[in-house]
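Just one chain follows, in the form predicted alone, and it is written as structure tokens.
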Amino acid sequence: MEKRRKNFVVIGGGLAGLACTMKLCEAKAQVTLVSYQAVKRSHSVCAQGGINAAINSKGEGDSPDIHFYDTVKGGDFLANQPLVRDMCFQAPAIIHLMDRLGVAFNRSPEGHLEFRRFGGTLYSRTAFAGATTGQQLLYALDEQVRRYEHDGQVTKLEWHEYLEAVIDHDGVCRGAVLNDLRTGDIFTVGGDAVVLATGGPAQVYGRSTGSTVCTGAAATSAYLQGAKYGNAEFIQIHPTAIPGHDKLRLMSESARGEGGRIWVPKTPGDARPPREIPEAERYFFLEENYPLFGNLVPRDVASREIYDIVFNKKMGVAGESMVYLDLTHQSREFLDNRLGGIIDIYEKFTGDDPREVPMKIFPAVHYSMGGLWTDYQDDGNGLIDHQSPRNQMTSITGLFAAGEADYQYHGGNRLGANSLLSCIYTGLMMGPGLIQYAKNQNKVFENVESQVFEKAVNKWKDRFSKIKSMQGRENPYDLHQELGETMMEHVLIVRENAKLEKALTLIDDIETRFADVRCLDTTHWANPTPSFINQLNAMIHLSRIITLGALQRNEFRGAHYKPDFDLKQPSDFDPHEYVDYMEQKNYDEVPEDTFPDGHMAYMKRFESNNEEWLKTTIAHFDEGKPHISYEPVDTSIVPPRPRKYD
């Protein structure tokens, strides 16, 4: 008798989804791979600068433990440490795996893998394929999945939208409800488990570096079904993007990793062409304020500094909300070899050649550190038990999340080039646990009552029928633009409680007006409007928990910057003082004169703030509204301490 094959549904054709699919197929499982668009157009292709791994090929003394420390420090110690440490220890093997799969990484003259620096570290740790690293990684994984598709293990459903998990009477996920975007057909696919690898929610902010498909609707759908959502308020603002009216196009951190310098004229309003401004009359503010890390401070730090230069000091380029990112001191050959992809993008959309003219950039919404809450099982030694079915499972049994769709790994701020790593890592790491979960089920999805699947389909057919019949006065695309403008104005780099409260009022108003939307196109064939209206509803819900989480978190941590709660770190403070302070405190009361003036008071403020706020925000949807609670963070490996980058 033929043994039943394990069967999984993976939603998302980016790095996390493809890596998970490949790992499941290696274990002889069947996979239905669902993608909102062609897999090769998944948003992972937009990642530019590289992927981190502490291989220490340049003999700088780097190690996975240092990579781990840089990551948890960069995230302001808000990430569960066993997961982060395991990811950093697996990173070298992941780089070598991708190299063997054919990724065209840049090489040194000797033929070794080349590495460059990225923000938040002092080591050359970032492997890269020019400035199109995400694309090369995705294409390599896609080739592997295509092999399994050819062999019949993978059924690929491109241009299909995930609507909701199929949950049985026991609260267990048994499959997914899908929408064929070409035909409008709504149907279910059963599986032993469902994996959401559906990316981030950048479109909640309207204009961002994210693709138009990055609405966060799939993860929000799980949240609306009862799944916990973690740290929604932590939204990363990338310091360097091309300002634009339609969207904001990323200029990778790799530009600074390859020597790019950020500056503004020292004289506010100086309208001279940048090449005519002598270096002595340029203000390299990151280099001056952070001499140790310079232009490669973490993204949250750089974004706040640029904001301060433009809005507080009024020193933006020619009085506008822009600063210069300058690569003109590098040779054309060097730039084409290392950064060709982003240079082409800048030249195409602005008409200026970055090889000859400094780029004009400004921060942009880029990434969500928050996402669906997921579980894990450590091995007792500071790493992860890769066989555990708990790994990456949401609070809904049988529903898993991976990549940017989950909240683990990055805490309050993500270091550049850790995103591609976390996506591939989660996809690979969760594979064995998914197999174990499928083995241990007391009921397989084929034996679940057919009415469970029929009810799920009928619910969504009815919902889309009602959406198509909406004939109100509101244009859904205008409402989305208004939502984005609300979030950009009130819930961005600098956060104030009064503005956050106003944002919640405006979001409530947008939700009320959503009921009066007009479905502009009611045809059945290849009609994106009903799908967009459904996603707009999800974005409204997600914007509310982002804003509510930000309002309730009265502190300054990572990308969540509330000036009213800045602890005012002394300029001459050394974070090692805090480690000494905590050690001495374990034995006895620490005399006030043990540390320089003002340092003891600051450390007490920091300690008190961590006691109250070093915890994960959990949003849970119940009775039609969000409820916010908190849970502790595992800081068992490295004690938290103040961040400092100068």
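Bear in mind that the values here come from a model prediction, so they are computed numbers and not experimental data. Residue numbers here begin at 1 and follow the sequence given.
Only in words, not in the display: the form predicted in complex with a small molecule, which the text now covers.
- Using a 4.5 Å heavy atom cutoff, none of C88, A193 and Y437 lies near the small molecule in the predicted complex.
- L24 falls outside the set of residues with a heavy atom inside 4.5 Å of the small molecule in the predicted complex.
- Contact annotation for R414: at least one heavy atom lies within 4.5 Å of the small molecule in the predicted complex.
- Of the heavy atoms in H160, some are within 4.5 Å of the small molecule in the predicted complex.
- Contact between T616 and the small molecule in the predicted complex is not found at the 4.5 Å heavy atom cutoff.
- Partner contacts here mean any heavy atom within 4.5 Å of the small molecule in the predicted complex, and among 477-485, 204-212, 284-292, 306-314 they occur only in 204-212.
- Contact with the small molecule in the predicted complex, judged by any heavy atom within 4.5 Å, is made by just one of M430, C423, A232, A255: C423.
- Screening I66, V590, I55, C46 for any heavy atom within 4.5 Å of the small molecule in the predicted complex leaves a single hit, C46.
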